[in-house]
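This document starts with one chain, in the form predicted alone, laid out as structure tokens.
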């Protein structure tokens, strides 16, 4: 699963699954463009990846500021061809159908669907021209199952699956694969800090493997899909959920 000679752009790179992807990709030889909103955590992981001998560009920004995102993307091109794109960044605005407001709903769709689409539009042409590219979108098992009190998040994650499959059909003949991973409950700082313990326990009780995932376990799947070993896999939405959706 060597990624030598490739440059990967990872959003939400500062913590959780994004941070695990950064370290995993660096260990496999990829140079990196790292984007995140948190300057402290982004600086830490960028320093770690650079210490592993990788070329690293990092930028602090709100990804939903699309003009600024396009500017950063153009700057990233100076490193070379961005031929791996990991759309990982996201956030949640919990709420039931009756209670979610339009602004919160659109904010969640913006980060989970509009931002990935924008980055795909920017970098896919270069991948197609080169005859090789990998796009991995980080969804959620809620994109298949739905989630009570998570109408915005579940809708957005279902949208990522549709985006993944549509783009995969467009660019497969050009040597570009597009896949999604659908994590279940994962030990990220957000889950550890904000999720009520009884909700965690209920999910774990419904998970055949009887535990939550570590971020590195999800990152390893993403790295596989970004590698030549996954050259005949495209358009899939792969649950990485310990059997929670079974």
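Positions refer to the first chain, counted from 1. On a predicted model such as this, the values are computed, not experimentally measured, just so you know.
Form predicted together with a small molecule: not shown, discussed below.
S.K.: Suppose contact means a heavy atom within 4.5 Å; in the predicted complex, does that hold for all of 33, 133 and 179 with the small molecule?
M.R.: Checking in the predicted complex: none of 33, 133 and 179 is within 4.5 Å of the small molecule.
S.K.: Out of 94-102, 138-146, 75-83, 167-175, where are the residues with a heavy atom within 4.5 Å of the small molecule in the predicted complex?
M.R.: Of the options given, it is 138-146.
S.K.: Within 4.5 Å, heavy atoms only, which of 27, 220, 206, 38 is in contact with the small molecule in the predicted complex?
M.R.: Of 27, 220, 206, 38, the residue with a heavy atom within 4.5 Å of the small molecule in the predicted complex is 38.
S.K.: Name the single residue among 151, 119, 89, 113 that comes within 4.5 Å of the small molecule in the predicted complex, judging by heavy atoms.
M.R.: None of the other options qualify; the answer is 89.
S.K.: Quick one: is residue 226 in contact with the small molecule in the predicted complex, heavy atoms, 4.5 Å cut-off?
M.R.: Contact with the small molecule, no.
S.K.: Is residue 189 one of the residues lying within 4.5 Å of the small molecule in the predicted complex, judged by heavy atom distances?
M.R.: Yes - in the predicted complex, heavy atoms of residue 189 and the small molecule come within 4.5 Å of each other.
S.K.: Can you tell me if residue 234 lies within 4.5 angstroms of the small molecule in the predicted complex, counting non-hydrogen atoms only?
M.R.: Answer no; every heavy atom of residue 234 is more than 4.5 Å from the small molecule in the predicted complex.
S.K.: When the contact criterion is heavy atoms within 4.5 Å, does residue 52 count as touching the small molecule in the predicted complex?
M.R.: No, residue 52 sits far enough from the small molecule in the predicted complex that none of its heavy atoms falls within 4.5 Å.
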